[in-house]
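Below, in structure tokens: the form predicted on its own, a single chain.
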């Protein structure tokens, strides 16, 4: 390419991007992350709260609270987690409003200029229903000028330029999504959504703590915090000692075995999904998929998970290689931003 051609292409890109803020969003059950073309990156809890009464409204001084602030003030709030297992509860008008408010807050976090158009790509679970996708688009339209959805694992692969000979596992709170990449847009047969993910681990950990810690009191949020701090598979890096109240008195418990057992429930369904996607692929290229399994999403931060998957693949599938991506929280939003930026200007204008 000549210098003149390069200059022409740069001019086209500048014209395409002038007055536009591109945003990639990973809209998750537990967290929502955004990456914007102005360099802003933010992550917030997918939580929305509204004051329960006039006293709460006077105390809080606002009509809607989002993310960490909503979690901290939840006793004064009607509390919503708009997505369940990665899917928007489209039959619940209050959840739809909460989703719109969550998306609005995420878009606002990108700090766009008043004169900018906002073009947004939102990552959705691989096999989200058509109705759920339509509900997400409608919830977003209040805050953006143009919006499209893509598969969350596809966004991860796109952001890493791994569009062929790769198999992505994106583990969120509500679902774990698997997607095989072979140089084209993935079809339904290339994708699997598994309901056993972060929330299921929380539920299992809560059950095991109740069994092993007699009399202990704890909340769902406390269990989630324990998991996010101590989760592991394989040999424990340290004993997991936690203080939980028993009759109001803080009491120390060793829950190492409970944490490991709870985290372990995610491996068998992931292996089943991997086996299905690999076994149904072209036999000539199956070995390439096995050797490039990408691990993404918040659930990928379980210590030792990639090694646990590799051991199971060696036992059940003749081997494989798992690579944990460098930015698990922003992998989906980074890829969605790249998709947004790469789309032609006419594409976005047609969607408006």
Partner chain sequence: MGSLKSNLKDAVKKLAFSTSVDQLKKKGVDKVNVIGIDRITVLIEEAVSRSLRFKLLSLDREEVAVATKEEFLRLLKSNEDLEREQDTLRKLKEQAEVQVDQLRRDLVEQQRLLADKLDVAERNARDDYLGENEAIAHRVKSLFEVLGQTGAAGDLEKRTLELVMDIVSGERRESIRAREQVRDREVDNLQRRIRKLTSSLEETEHRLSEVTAIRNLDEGISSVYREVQGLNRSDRAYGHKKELMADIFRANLALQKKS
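Residue numbers count along the first chain shown, from 1. All figures in this text were calculated on a predicted structure; none of them were measured in a lab.
As for the form predicted in complex with the partner chain, it is not shown, yet the points below apply to it.
Discussion item. Check for me: heavy atom within 4.5 Å of the partner chain in the predicted complex, for each of 20, 301 and 328, yes or no.
Written reply: Heavy-atom distance to the partner chain in the predicted complex: all three under 4.5 Å.
Item to complete: Counting only non-hydrogen atoms, choose the one of 272 to 280, 179 to 187, 242 to 250, 256 to 264 that falls within 4.5 Å of the partner chain in the predicted complex.
Response: Contact-bearing stretch, as computed: 179 to 187.
Worksheet item: With a 4.5 Å heavy atom cut-off, would you call residue 133 a contact of the partner chain in the predicted complex?
Response: Yes.
Discussion item. I'd like to check something about residue 141: if you look in the predicted complex, is any of its heavy atoms closer than or equal to 4.5 Å to a heavy atom of the partner chain?
Written reply: Yes, residue 141 sits close enough to the partner chain in the predicted complex that at least one of its heavy atoms falls within 4.5 Å.
Fill in: Non-hydrogen atom contact residue 307 with the partner chain in the predicted complex at 4.5 angstroms
No, residue 307 is distant from the partner.
Practice prompt. Using the partner position in the predicted complex, report whether residue 154 sits within 4.5 Å of the partner chain, counting heavy atoms only.
Written response: Contact check for residue 154: yes, within 4.5 Å of the partner chain in the predicted complex.
Practice prompt. Just give me the single entry in 205, 166, 233, 147 that has a non-hydrogen atom within 4.5 angstroms of the partner chain in the predicted complex.
Written response: Only one listed residue qualifies here, and that residue is 147.
Worksheet item: Of 100, 213, 222, 137, which residue is found within 4.5 angstroms of the partner chain in the predicted complex when only non-hydrogen atoms are counted?
Response: Of the candidates 100, 213, 222, 137, 137 is the one lying within 4.5 Å of the partner chain in the predicted complex.
Discussion item. At 4.5 Å, heavy atom to heavy atom, what parts of 103 to 122 sit next to the partner chain in the predicted complex? List them in sequence order, or say none.
Written reply: 111, 112, 113, 114, 116, 119, in sequence order.
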